[in-house]
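This document starts with one chain, in the form predicted alone, laid out as structure tokens.
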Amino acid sequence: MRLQKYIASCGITSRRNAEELIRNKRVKINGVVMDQMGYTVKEDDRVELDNQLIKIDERMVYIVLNKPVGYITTVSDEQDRPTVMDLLTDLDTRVFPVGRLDNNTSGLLIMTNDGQMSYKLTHPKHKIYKTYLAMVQGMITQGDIEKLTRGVDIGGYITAEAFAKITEYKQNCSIVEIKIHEGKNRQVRRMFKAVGHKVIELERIALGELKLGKLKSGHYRKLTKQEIDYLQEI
């Protein structure tokens, strides 16, 4: 098994992030620093990350978390801010977040120790749509919706085709459901800014066919077998 895949299979992080760990010379094979991606881990190899032995955990865990606003989507934070890991109070298996939600964005976040699954869910080639509910300032027009659907310039980048619809008007604001398959930094907020509307609140309610449903903010649940099967078929 390739080294980066092995690290991901240990439930440490995603395969993409595992490559960064290797480049940063934090990985050792049999006591020797290994910074080459092509190394194939053999059965009797001792693999260490930051001088700690790591092994593949055969127990794969898949969780959906309703991330509240104010939590950082990382395993740890150098500024000691609250992270999504602080919400997982009774797990006996190490997991990590799949992808990222901004500090001020709430909603559906997958947590797992399956690095291969994380890789599939975050790789652009799979074009997995993420569905958001956005409360934005002002009255969104159908013309704005058409622009969002076709793609807008968010600063030197034209977004891909999206799906958007107005679900409700409130006092001086609009509720819009928007689906995108890209993952540019703060993309949804930048898209609405491009059509003249500031996002007040943003919640991710679905990832592909996985739905947040009625899961309360700050709570989490394990994925059902049907949901896991769906992810594995991607």
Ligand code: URA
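Here the structure is a predicted model, which means the values were calculated and not measured. Counting begins at 1, following the sequence as shown.
Keep in mind that the form predicted together with the ligand is not shown, yet the notes after this line are about it.
A heavy atom within 4.5 Å of the ligand in the predicted bound form is found for one listed residue only; from L101, I110, L121, V84, this is L101. For the options V176, L207, L202, V195, the residue carrying a heavy atom within 4.5 angstroms of the ligand in the predicted bound form is L202. The ligand is not shown here, but in the predicted bound form it comes within 4.5 Å of a heavy atom of T105. Within this chain, Y71 is remote from the site of the ligand in the predicted bound form, having no heavy atom within 4.5 Å. The ligand is not drawn, but in the predicted bound form it has a heavy atom within 4.5 Å of Y132.
In the predicted bound form, the ligand sits within 4.5 Å of a heavy atom of V188.
Of the candidate stretches 22-30, 167-175, 39-47, 180-188, only 180-188 has residues whose heavy atoms lie within 4.5 Å of the ligand in the predicted bound form.
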